[in-house]
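Here you get one chain, nothing else, as structure tokens; it is the form predicted on its own.
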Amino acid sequence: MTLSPAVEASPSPKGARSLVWTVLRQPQGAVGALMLALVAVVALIGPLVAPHDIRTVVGIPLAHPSHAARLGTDVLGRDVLSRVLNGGLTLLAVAISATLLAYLVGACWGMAVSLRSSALDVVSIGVVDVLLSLPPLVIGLVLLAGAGSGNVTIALALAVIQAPRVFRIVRAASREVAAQDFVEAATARGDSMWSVVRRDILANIWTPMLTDFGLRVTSSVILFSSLSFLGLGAPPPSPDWGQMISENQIGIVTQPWGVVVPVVLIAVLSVGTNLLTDTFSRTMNNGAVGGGR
């Protein structure tokens, strides 16, 4: 994609609609969108149509599917279907909130560094390299051990984990744009750093940022599910799919639905996001719809 000033690089509403339809017309993009829509419906509509309260015991523990419990019961005798329908909203809310916060910090950090002195750049890269050398799950466990468990704390921990990765992506894209003549001209005429970032740099790097955002959401979903599996999510009886997998793994042989259904839904969400972001990235790289000239 040829870089150009922000006025020309920003996509018009018509161009954005054209991009959406171009992505959805491709089989991979359509499948990804359908998978995401399925998970979104389960997460958003599920709590309204769940047949039982998430705390209600409807049968003996680990009972097979029946009229009273369509997917059987969990280790405490609660309805698996009701807990599945109530467990997706928390997962999506935490993953998306954490990714937005990571982008707020990492993207601003990366764009600012691309316009500042080399000393700040070197220090930032050193800090990021140290953070990236640590396993994400270990960082999450350390932060949660110090601050306590809970969805808000997990969202903050995930943001800390994701922000350095966002920084690397945004910094690389921003440095390429910052070397262009129109950015140098804006700096020379006295435009503030944030004005240059907003009008010239951000408008030219929104495509890789949007593509990476989808991947960050997927990563946050997997990390959140992993932490919930380890018992660091919302305290019981609040359900989420990762916590359900942990709770019901003991009965996976006799009553697998309490584990299989959450695993499938997490997989559908992750695969659907990857398919959609990959299609979007290929569409932009092929120049089917462009933001700039």
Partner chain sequence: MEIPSVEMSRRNLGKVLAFGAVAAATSPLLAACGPSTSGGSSSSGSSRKTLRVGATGGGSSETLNPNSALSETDVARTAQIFEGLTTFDPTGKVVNRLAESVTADASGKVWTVRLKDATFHSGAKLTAADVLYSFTYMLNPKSKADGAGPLADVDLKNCKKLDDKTVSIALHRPNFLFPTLLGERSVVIVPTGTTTFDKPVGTGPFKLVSFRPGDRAKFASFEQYHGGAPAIGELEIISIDDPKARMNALSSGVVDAIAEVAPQLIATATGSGVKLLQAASGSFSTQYMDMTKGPFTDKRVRQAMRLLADRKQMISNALFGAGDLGNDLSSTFDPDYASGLAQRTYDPDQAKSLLKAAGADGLTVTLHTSDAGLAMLESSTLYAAQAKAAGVTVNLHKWSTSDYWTRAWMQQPFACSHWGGRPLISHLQLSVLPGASYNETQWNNPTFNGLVADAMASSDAGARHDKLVAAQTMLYDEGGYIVWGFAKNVDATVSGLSGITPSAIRSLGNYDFRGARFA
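Positions refer to the first chain, counted from 1. Please read these numbers as outputs of a predicted model, since none were measured by experiment.
Keep in mind that the form predicted in complex with the partner chain is not shown, yet the notes after this line are about it.
Engineer: Please tell me whether any heavy atom belonging to residue 55 falls inside 4.5 Å of a heavy atom of the partner chain, as the geometry stands in the predicted bound form.
Structural biologist: Residue 55: contacts the partner chain in the predicted bound form.
Engineer: Evaluate residue 145 for contact with the partner chain in the predicted bound form, applying a 4.5 angstroms cut-off between non-hydrogen atoms, and reply yes or no.
Structural biologist: Contact check for residue 145: yes, within 4.5 Å of the partner chain in the predicted bound form.
Engineer: Should residue 257 be counted as a contact of the partner chain in the predicted bound form, where contact means heavy atoms within 4.5 Å?
Structural biologist: No, residue 257 sits far enough from the partner chain in the predicted bound form that none of its heavy atoms falls within 4.5 Å.
Engineer: Taking the partner chain as it sits in the predicted bound form, is residue 230 near enough to touch it, meaning that at least one heavy atom pair lies within 4.5 angstroms?
Structural biologist: It does: once the partner chain is placed as it appears in the predicted bound form, residue 230 has a heavy atom within 4.5 Å of it.
Engineer: Can you pick the one in 125, 172, 76, 101 that has a heavy atom within 4.5 Å of the partner chain in the predicted bound form?
Structural biologist: None of the others qualify; the residue that does is 76.
Engineer: Can you work out which of 38, 45, 250, 31 has a heavy atom no more than 4.5 Å from the partner chain in the predicted bound form?
Structural biologist: Looking at 38, 45, 250, 31 one by one, just 250 meets the 4.5 Å heavy-atom criterion.
Engineer: Give a yes or no on whether each residue among 59, 62 and 246 has a heavy atom within 4.5 Å of the partner chain in the predicted bound form.
Structural biologist: Looking in the predicted bound form, the three residues 59, 62 and 246 all sit within 4.5 Å of the partner chain (heavy atoms).
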